[in-house]
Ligand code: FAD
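Listed next as structure tokens is one chain, alone, in the form predicted on its own.
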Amino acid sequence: MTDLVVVGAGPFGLTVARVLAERGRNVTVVERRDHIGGNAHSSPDPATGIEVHNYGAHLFHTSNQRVWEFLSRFTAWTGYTHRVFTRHRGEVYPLPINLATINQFFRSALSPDEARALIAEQAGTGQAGGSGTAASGNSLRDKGVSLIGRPLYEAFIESYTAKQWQTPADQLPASVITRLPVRYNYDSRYFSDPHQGLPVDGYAALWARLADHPRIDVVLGRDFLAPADAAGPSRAACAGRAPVVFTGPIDQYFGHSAGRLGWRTIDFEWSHPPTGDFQGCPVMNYADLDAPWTRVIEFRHFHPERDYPADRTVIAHEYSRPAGADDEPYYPINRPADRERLERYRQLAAAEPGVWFGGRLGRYQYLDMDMAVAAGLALAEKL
């Protein structure tokens, strides 16, 4: 007999399951896909043997020492440091925006203080990254202009955001862009966290070890919200019998009774160019509207320490669009109407006995992997 049912085998759900299993609880993990790990799943490309991230680039980074130590029990880490570039009007620039980006864009050789003064003037704030007229609103556009000024915002953010979110920037929350750092030095690292890297043996191996416990039973290919049958646990079968941690879409759990929450999904166009290096970096963003894709991922660069083919590579063109009813939800759009619906769902969740909602889909919140694991550790403590 199970003591807890965890619905969804992503980083959050697996963390909850592992901690409670180690404390003597029998946990059943129900996953509708045919693998664990959620979107942070990787597998070898059949044509080249190159490990690909099946749902887009997933780069682990954290400042949370507890999370780092917890996951390090199940994997060793490479020394990978993520760096991104972007194409704009026929040139390639480093991202996130740093002193190299600024000087290349303005054809200048500004010092850090000179660059700060220029951006402050263009932002209309009097202080780069500070508050003022341009930051008076709470939208992505307001925050973007206040952080980097209008010329850089229009070059690198505005069109890219339009492709990525399919939503006007003034309808998106400022939190979308605050995740992107702005630096007035030549540090081109995408993340500044002290702990960064990729699992040495890949994400699939990491999650398999995390779930490998005699008190954890994983049921794959089972939709928890489908009618009860012999295929595995269901909502109907668990009601009043076993507590549930639900990590699927919160609006789906409640039958979209308050309306559908807005999600962004991603499509991938996979190809195998006959070269050992297609673009020279793992991720190349395309900031302009003349390219319909948002970025191109070349997966071999995630593991330069591996012996991959010298005459073939694998890439994925990434396209973004609003998620339909049958699409995989990736990122919450979080428009004002979504936030109103979410408040209603949170009220329903608070009144749902024996069910805890968590993870990216269950909270309707963008969570990096380390944030999901940290939330899983916190909920496990509570339970």
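Just so you know, these numbers come straight off a predicted model, no measurement behind them. Heads up: residue numbers just count along the shown sequence, starting at 1.
The form predicted together with the ligand exists for this protein as well; it is not shown, and the discussion that follows is about that form.
Partner proximity in the predicted complex, defined as non-hydrogen atoms within 4.5 angstroms of the ligand, places exactly one of 73-81, 304-312, 271-279, 240-248 at the interface: 240-248.
This chain lacks the partner; the member of 225, 291, 205, 100 within 4.5 angstroms of the ligand in the predicted complex by a non-hydrogen atom is 225. The contact residue chosen from 58, 317, 335, 341 relative to the ligand in the predicted complex is 58, the criterion being a non-hydrogen atom within 4.5 angstroms. The ligand in the predicted complex comes within 4.5 Å of a heavy atom belonging to residue 367. The ligand is not drawn, but in the predicted complex it has no heavy atom within 4.5 Å of residue 20. Not displayed here, the ligand is kept clear of residue 51 by more than 4.5 Å at the level of heavy atoms in the predicted complex. Though the partner is left out of this view, residue 39 does reach within 4.5 Å of the ligand in the predicted complex, counting heavy atoms only. Applying a 4.5 Å heavy atom cutoff to the ligand in the predicted complex picks out 7, 8, 9, 10, 11, 12, 13 from 1-22, in order along the sequence.
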